[in-house]
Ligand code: NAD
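The chain that follows stands alone, in the form predicted alone, written as structure tokens.
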């Protein structure tokens, strides 16, 4: 099968492209490389050394004999997008090509507008391109568990059955996004659902939890194939930040009371979930939603797990509470469902098995690359 990975130079996209290529899929990568530009603009850098996309693809070919076709350009440019799709002729499109940082979207008005225009317009362009030239192509779109927020009821997979005034209907699950980034993903979901209904497209929305880990079988083959490990205040996750802080002797910085609970999964499960979605595509006209995660942790849980793992490596680790720069519930109910991908055959990896090999050991190996000035939060949700 021919699969085009939009955003294939990014964290999830790169691992997915290599995984699918290694599994025998004919893979293309389409990417504007703008994430590299944003890193330069913000003065941040991933902990691990990332080679150019051309070097990465060349090394992959040398190691495996498998070619990955590359299209460099912006999907907000409809002419470029349409010509690229026509040249590659995909049977499935995996769409990772969006600005994915909540803090980035909350820096100021310009970054909020950039995020929403980049994400919503690019996604809408893709829907039109598929409608016009590849109506049978299966769209696998990366969503986020952050679309749901933290409601005081169980989170279903995309839809909820409601009885109201004696009548019953199954409706899209209510969304309570927590940033302009998460809002853009909600807009994407609505646009995709509408396109499936009116044009008969087929799409799977993967509402993904927080992804962790550097290693997949493929990215571990060679340092030129290594994946990102972001720890800064814009793109870094709390778990990544804790691991880097442990490696350099910096206190683990917990925002607020640390009761914020989120869904998590290993990068190896991310790529497998994408494959499962591709292997069993949505029906024509169907917009289906899978909640893509394997475990739930509070921020306090993560800090304690990193501290315990670091102690086994002889590291001295303290935990420090900081004022929360975000507007979010710090104590809440959180019970999302994730049965669909498990039914399709996902066999999860767990954080307890990945924390040392795929996070802490990398943090220690590359600790000399840490920029301490980028560790603490720089963006405040509050109007100040």
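Residue numbers count along the first chain shown, from 1. Keep in mind that what you see is a predicted model, and the values were worked out from it rather than measured.
The discussion below concerns the form predicted together with nicotinamide-adenine-dinucleotide (NAD), not included here.
Taking a 4.5 Å heavy atom cutoff to nicotinamide-adenine-dinucleotide (NAD) in the model of the complex, the contact residue among 137, 215, 106, 211 is 211. Only one of 126, 85, 310, 142 lies close to nicotinamide-adenine-dinucleotide (NAD) in the model of the complex, with a heavy atom inside 4.5 Å, and it is 142.
Here the chain stands by itself, but in the model of the complex one stretch of 215-223, 155-163, 196-204, 73-81, 73-81, has heavy atoms within 4.5 Å of nicotinamide-adenine-dinucleotide (NAD). Not displayed here, nicotinamide-adenine-dinucleotide (NAD) is approached by residue 118 to within 4.5 Å at the level of heavy atoms in the model of the complex. When nicotinamide-adenine-dinucleotide (NAD) is considered in the model of the complex, residue 12 lines it closely, a heavy atom lying within 4.5 Å. Proximity of residue 32 to nicotinamide-adenine-dinucleotide (NAD) in the model of the complex: non-hydrogen atoms within 4.5 Å are present. In the model of the complex, no heavy atom of residue 272 sits within 4.5 Å of nicotinamide-adenine-dinucleotide (NAD). Taking a 4.5 Å heavy atom cutoff to nicotinamide-adenine-dinucleotide (NAD) in the model of the complex, none of the residues in 348-375 make contact.
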